[in-house]
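Before any questions on binding or motion, here is one chain by itself as structure tokens, the form predicted alone.
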Amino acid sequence: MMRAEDVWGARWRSCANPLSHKFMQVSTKKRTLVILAADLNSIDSLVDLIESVGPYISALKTHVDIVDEFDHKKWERVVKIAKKHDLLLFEDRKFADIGKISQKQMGGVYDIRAWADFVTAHRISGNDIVDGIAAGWADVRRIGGIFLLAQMSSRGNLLTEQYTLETIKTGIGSPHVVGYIGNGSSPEEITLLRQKAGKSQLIWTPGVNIETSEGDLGQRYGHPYDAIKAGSDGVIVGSGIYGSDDPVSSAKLYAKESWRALVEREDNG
């Protein structure tokens, strides 16, 4: 059996966060760098999807606030099925408020702090947002990791190069930030982000699809193999899997392409 430290090489040695290592270990065990963007509004459909494609993904990205008739007991089904398939839970909340409010938002109706391993956040409100989110996890004696949005794949977004640099500066200076969200539709932008961020943190990228044509509402897509080769460590895939005629076959294909790119990548030594 391959060891994660051998496959990931320099990234394994440079990333000190235990959650980063957990992701690398799960990815190596399953041979997939796919994070499933399960943007579904029914808990039943979510559970069914995870059960079918769970063996071919390494993490589950949720938008808990789009779930119809949310109920904690029903949501526990999602948490349990994710654990069954050894998936890290990644709530794409995109926090953007001041630290104190973000701490409160980690609780609230959805109690994200109780079940999420990772969350996303914007840097726009200042550095304190990171400590606020971490305090939310500390309130329930858990530790989680934050992905700061350094780039976006949507057309016309306002994340400038200077904003990206400030975001990286915040992330590198915090033990709570495990990495950054990059632009999966542009290998060139991913490469630049990796050069600026160094090897000590993860980069995960939405905006990838085997079919690289432009999607709805300004979404652009790049190929998962190209994203990983350029420096991404995980590809976030939604409709390319759950919107396909055969989600299991699609998940297997994304897993194969993402793993092939990691093995062939030159910066892992």
Ligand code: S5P
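Fair warning: this is a prediction, and the values are worked out from it, not measured in the lab. Start at 1 and count along the sequence shown; that's the residue number.
There is another form of this protein, the form predicted together with the ligand, and it is not shown here; the text below is about that form.
- This chain is displayed alone, yet in the model of the complex one of 167, 151, 185, 103 has a heavy atom within 4.5 Å of the ligand; that residue is 151.
- Listed residues 37, 67, 26, 49 were compared with the ligand in the model of the complex; 37 is the one with a heavy atom within 4.5 Å.
- For a residue to qualify, one of its non-hydrogen atoms must sit within 4.5 Å of the ligand in the model of the complex; all three of 94, 181 and 239 qualify.
- The ligand is not shown here, and in the model of the complex it never comes within 4.5 Å of any heavy atom of residue 225.
- With the partner left out here, the ligand still marks one of 225-233, 239-247, 50-58, 26-34 in the model of the complex; by a 4.5 Å heavy atom cut-off that stretch is 239-247.
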